[in-house]
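A single chain, nothing else alongside it, follows as C-alpha cells in the form predicted on its own.
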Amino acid sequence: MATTIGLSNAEKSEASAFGLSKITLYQLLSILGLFALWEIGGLVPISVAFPTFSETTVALFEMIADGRMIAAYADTLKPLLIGIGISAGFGVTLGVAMGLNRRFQWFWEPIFIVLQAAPVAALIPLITFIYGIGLAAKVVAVIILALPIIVLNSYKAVRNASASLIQMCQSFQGTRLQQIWKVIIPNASPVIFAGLRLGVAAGFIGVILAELLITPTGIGDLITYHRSVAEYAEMYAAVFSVIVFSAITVGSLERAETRFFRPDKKVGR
C-alpha cells in the first residue's frame, strides 16, 4: 500500500501504459506466430494449393489496389446489413416479449432453438426454391443464422434481470411499464448487446455461405472464381480478408459493449 501511495503520477501512468502494452505485445506475438506458421506451411509446402502468407498478402493488396476487393465487399455488405438490421429489430423485440410473457416464450422458443441447431447449408436449396437466387435469398440466409442468436440472448437477458431491482421498483409503487423501461431493459441491455454482437458474427457466416451456395457474388465470387482458375493466393486473400474484416467488426462491437454496458470488465484489461 505504501509503495502504491509513494508512486508519482508519471510512474503510475508509465505502469498503466506498460500493463496495456504488455497485453498488446502478447496479442501481437500470437498473431505473428500464426503468420509465421502459415509462411512455413506454404514453403514446405503442405499442398500445392496452399500459398505462403507473403504471397497471400501481396495478392490481397493487389486486389485492393485494382478495386476488385472493394467492389466485392460492396456486394457482400448489402445483404449482410439488411439481414442484420431486420434480425436486430425483430429479434430484440421478440426476445424481450418472450422474456416478459410466458405464452410468447412457449410458442416461439422451440422454433428458434430448432433454427439455431439446424444446418444452414442444408436449408439453402429450400431458400433458393422459395426466394430464388437474388438479394432476398441472401438476406434470408443471414436472418436464419443471426435471428435465433439475437432472440434467445434477448429472451435470456430479460428473464434473468435482477429480481431485487424489480422488487425495489414494485416497493416504490412502480407500474409494470416503469419496471420494463427503467429496470428490466437497462439491466438486460449488456446481454442483449452481446447477443447482437454474436448475431453479427453469425451473419458473416450466413452471407458467405449464401454467396458460395446460392449465387457467386461479392467475396464468394472471388473465392469461387480464383479457386476454379487455380489462383490460390488470390483465393486465400479473399478468405483472409473476410476473417480480418469480421474480426475487426466483432472486436469493435466487443469494445463498445465493454465501454458502454460492462465498464466493470475494463479492470485488468
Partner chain sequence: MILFGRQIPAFFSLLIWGGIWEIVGQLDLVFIFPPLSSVLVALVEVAQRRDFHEAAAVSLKAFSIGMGFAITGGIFIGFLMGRVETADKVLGMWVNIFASAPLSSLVPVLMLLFGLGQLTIIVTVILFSIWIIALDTYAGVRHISPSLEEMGKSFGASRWQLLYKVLFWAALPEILAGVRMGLIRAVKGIVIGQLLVAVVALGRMFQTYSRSFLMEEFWALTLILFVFALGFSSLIGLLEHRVEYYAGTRI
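As the structure is a computational prediction, the values presented were derived from the model and not from experiment. Here, rigid core means the biggest group of C-alpha atoms that superpose within 1.5 Å across both forms. Residue numbers count along the first chain shown, from 1.
Although it is not shown, the form predicted in complex with the partner chain is what the next lines describe.
Highlighted residues Ser30, Ser47 and Val242: every one comes within 4.5 Å of the partner chain in the predicted bound form, counting any heavy atom. Residue contact with the partner chain in the predicted bound form: Leu253 places no heavy atom within 4.5 Å of it. In the predicted bound form, the partner chain sits within 4.5 Å of a heavy atom of Val191. Interface membership of Leu34, defined by any non-hydrogen atom within 4.5 Å of the partner chain in the predicted bound form, is confirmed. The partner chain in the predicted bound form comes within 4.5 Å of a heavy atom belonging to Ile111. Within 4.5 angstroms of the partner chain in the predicted bound form, the stretch 218-237 places a non-hydrogen atom from each of Ile223, Arg227, Tyr232, Met235, Tyr236, taken in sequence order.
With the core held fixed, Gln27 shows a CA shift of 2 Å or greater between this form and the one not shown.
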